[in-house]
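Shown below, as structure tokens, is a lone chain in the form predicted alone; questions about how it binds or moves come after it.
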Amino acid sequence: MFSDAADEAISDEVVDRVGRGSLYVALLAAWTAMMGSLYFSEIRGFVPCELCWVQRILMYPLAGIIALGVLRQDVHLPYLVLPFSLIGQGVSTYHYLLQKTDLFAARACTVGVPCSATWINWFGFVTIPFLAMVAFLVITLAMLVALSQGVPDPEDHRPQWHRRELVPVAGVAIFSLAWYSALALNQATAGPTAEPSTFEPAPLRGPLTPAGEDPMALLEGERLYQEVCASCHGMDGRGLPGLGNSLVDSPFVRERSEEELVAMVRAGRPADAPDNRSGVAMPPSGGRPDLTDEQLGAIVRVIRAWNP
């Protein structure tokens, strides 16, 4: 009899630990996602697209809602969180598919970064929407675990601010802030970015067609420019305030060969590059890692035509 009672007590304790742990996992995921997105936009200079803003609207409140719910042991916490995380999961999944597949038509943007633009492409598949998708998934699963384990416990509903949950909640917040501060400090002390003229041309993925030899290639370059570059540099190439520099009558373009410009576009430009007066980063390959060097060359030839 005593053994059964002891086993039941141990089982209840394990269930309680698993349930409470899931809440802290969700809290850590929400804070990490929020600080990570701020790092990408405010430190790295990556401009959020429309779908990125939607995901922020859904993620940022969770950093506060989960923290308060854990502190107050709010029995309604999973029901408050799940609508945000499930909708966010859907938006981020759609955004990722928009970047990586042809299932959906590309979102046309008159101004701003296209939603199909790819700022990072780690290991060939990890993009910013992918990171958001993982964060929303972790939060959703953690809330489902909390529900299944009956956590928070309605019999333990004591909304005091001095309860033991304050320590791990504060720990998560301090860890996230320290991590963000370390990244910011590292970026600030990294020193100025090398002059674009020092870029080594990347290995080309095909021969570049000499300018003026193929009118159809020029038309293709104009089409690609409108699709990839116009949202930041303007339809006429004269730039947009706070987004992209003017590419017309540009000494930077005139002083570099076609191969150097292709290599620069392929590498992208950080926000703190010496000649980047916009203060906004340019994603590698203009946010289109699928473009070949021949296609980037077609875009470059259009730009060079504006700089005789």
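The structure presented is a predicted model; accordingly, all values stated were derived computationally and were not measured. Residue numbers run from 1 along the displayed sequence. Under this definition, the rigid core comprises the largest set of C-alpha atoms superposing within 1.5 Å between the forms.
One more form of this protein exists, namely the form predicted together with a small molecule; it is left out here, but the text below deals with it.
- Only one listed stretch (32-40, 267-275, 61-69, 48-56) carries heavy atoms within 4.5 Å of the small molecule in the model of the complex, and that stretch is 267-275.
- Taking 232, 142, 132, 77 one by one, only a single residue has any non-hydrogen atom within 4.5 Å of the small molecule in the model of the complex, and it is 232.
- In terms of contact with the small molecule in the model of the complex, the residue from 128, 146, 81, 113 that brings a heavy atom within 4.5 Å is 113.
- The small molecule is not drawn, but in the model of the complex it has no heavy atom within 4.5 Å of residue 26.
- Taking non-hydrogen atoms only, residue 253 approaches the small molecule to within 4.5 angstroms in the model of the complex.
- At a distance threshold of 4.5 angstroms between non-hydrogen atoms, residue 22 is out of contact with the small molecule in the model of the complex.
- The closest non-hydrogen atom of residue 136 lies beyond 4.5 Å of the small molecule in the model of the complex.
- Superposition of the core reveals a Cα shift of less than 2 Å for residue 258 between this form and the one not shown.
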